[in-house]
Structure formats: structure tokens, C-alpha cells
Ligand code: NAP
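Just the one chain here, laid out as C-alpha cells, in the form predicted alone.
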């Protein structure tokens, strides 16, 4: 089979498409014939060697993918050969024609969701679900600000929040991105480059502020987020690329909370709830992953450059 391999940490050009042996499912394992693999910012950090955990070299990148089950090992009873599935992490890496997974990493993909869409489920939708519901405890009737709502996690968050009955304010840096945010169900789509957008948020809420903020770029926005919160408001830090200075009094005066999250350390019972919720939303059509770009697996380096570029628009996937 063909797979992207990384033999040394570095820039995107360290990823090479190579021929490697086919995978064999052991006890409790599943081999998935991958049709599409999702590309996430965290993949670029791992490839560069800047992530907290470094894989052993050489390795195949990728946590997200979708395809069909090609073989199963003994003791696997949650899927069968031929099933359409998406993967939530792998043992071997998703940027490949095959992915070896533990049985618990493989989840049913509804028939109405394409493989390209399925490749964007785990990191984007599970992150948004955990941030909105498990960390922030968002509920119907509250207002949520999705700061950077046009990317994979952002569009997922907008769909989830709208389906759950929250009022949704989403921001994006381009007209095209704001159009996408509105199309996904946001009640308000704002330009976060507009000098007056923070006041616009307060005006939308009649000066009360927002209950929840899902923050994709905390190093740029966290200090601006805190004054936007309503009493008891919560900010969930989903992404950050550096340090930030805040005024703690902005939290004190409102009994507000700042909380972080990393999907990969979520407890198993929380992940089980996430996948159950996502399957229901995908199957009934309230969740509909947006594929912004589909790039051939041999051009994985271009995909890594694109996922870190400004102007996020949906999910970037590799066609395998």
C-alpha cells in the first residue's frame, strides 16, 4: 500500500509518499481501507516535532479518516468487514491507503455522509462537542460566540450549537468565510477584522454579553474575549499559538471562567458520549461536515501549508 512517511521532523516537505507493507489486524484491531484522511493543525505540529508528544520515527501522520473495514482481528464485534466507518485516531496513521485501528477507534459512518465528510468528523466535531457541551456546559437559550467559525472546528461548533438551541454568533476574516458561517446556521456572522465588531457583539446581546466563547486563537483574542462575557460566562480555549496578556479583573467581576481542553486526553466515557451524540446528529442531518478543499494524498505538503494559512474555510481532506 501507499502511505505518507515522515523520517525526520521538519517542514512540510519531509512528508513523502512511499510504498509500505499492507497492514494486518491483530486481536482487538481493525484495518480500514481509507478513502479520505482529514488534515488538522495538530498534524503540522506533530510533523514539525513541536508537539508535546513526539512519535517514533518514521511515522505516518493523521488522526482522522473514513473508509470501509477491510479486515478485523479476533475479539472485534462492533464492526464487520465492509462497514462504512470513520476513525477517531489510529495506531498506524491515517495518511495512507490503509489504517490500523483499535476496535474502539472505529465508528459507524451514516450512509448520508460521504467519506470525504467522514474524514472531517473526529478532530473537528468531537473538539467542538467537548468544548461546547462537556467543558462549557452550554445549554439551549444561551448565546455562544464562536471566534474563528469558518474552519473545521468552527463550522462544527456552529452546527452543534444551532441544533442545541443556542443563539450563535460566529466570526470570520473574509466575506467568503462569513457566508459559510451564516450558511451553517449562525444567527450573526461578523468580521473579526472590523474594529467595531466587539461592540457589535455587545449590541447584539443588549449589553448583557455572551454566555460561552469557543476560542480558536487565544493568543490573539483571549484578552478581548473576557470583557464580552455575561455574568457566569465561560471561555473554552481550543487553540492558541503563543502567549497572551489578560486582565484577571475581567473574570472576577463576572464570576467568569477560562478553561482549556485537549481532545486527546478526554476520558473514555466522555468520548463515548461524544460519538453517540455525533452519530445521531450526522444521521438526522443536523450535522453536515463541510469539505473546503480536497487534495491528493501525494500533495500532503500542500495540505499542511493550506491548513495553517489565514482564511479558513471548512475542512481540508486528503483524497486517498
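Residue numbers count along the first chain shown, from 1. Model, not experiment: these values are computed from the prediction.
Absent from the display: the form predicted together with the ligand. The rest refers to it.
The single contact residue among 295, 261, 283, 48, judged by any heavy atom lying within 4.5 Å of the ligand in the predicted bound form, is 261.
With the partner omitted here, the stretch from 168-176, 100-108, 132-140, 226-234 that lies within 4.5 Å of the ligand by heavy atoms in the predicted bound form is 168-176.
Annotation: in the predicted bound form, residues 67, 84 and 89 none come within 4.5 Å of the ligand through any heavy atom.
Interface membership of residue 204, defined by any non-hydrogen atom within 4.5 Å of the ligand in the predicted bound form, is ruled out. Contact annotation for residue 200: none of its heavy atoms lies within 4.5 Å of the ligand in the predicted bound form. None of the heavy atoms of residue 303 is located within 4.5 Å of the ligand in the predicted bound form. Not displayed here, the ligand is kept clear of residue 73 by more than 4.5 Å at the level of heavy atoms in the predicted bound form. Annotation for 146-166: interface residues with the ligand in the predicted bound form are 147, 148, 149, 150, 151, 152, 153, 154 [heavy atom within 4.5 Å].
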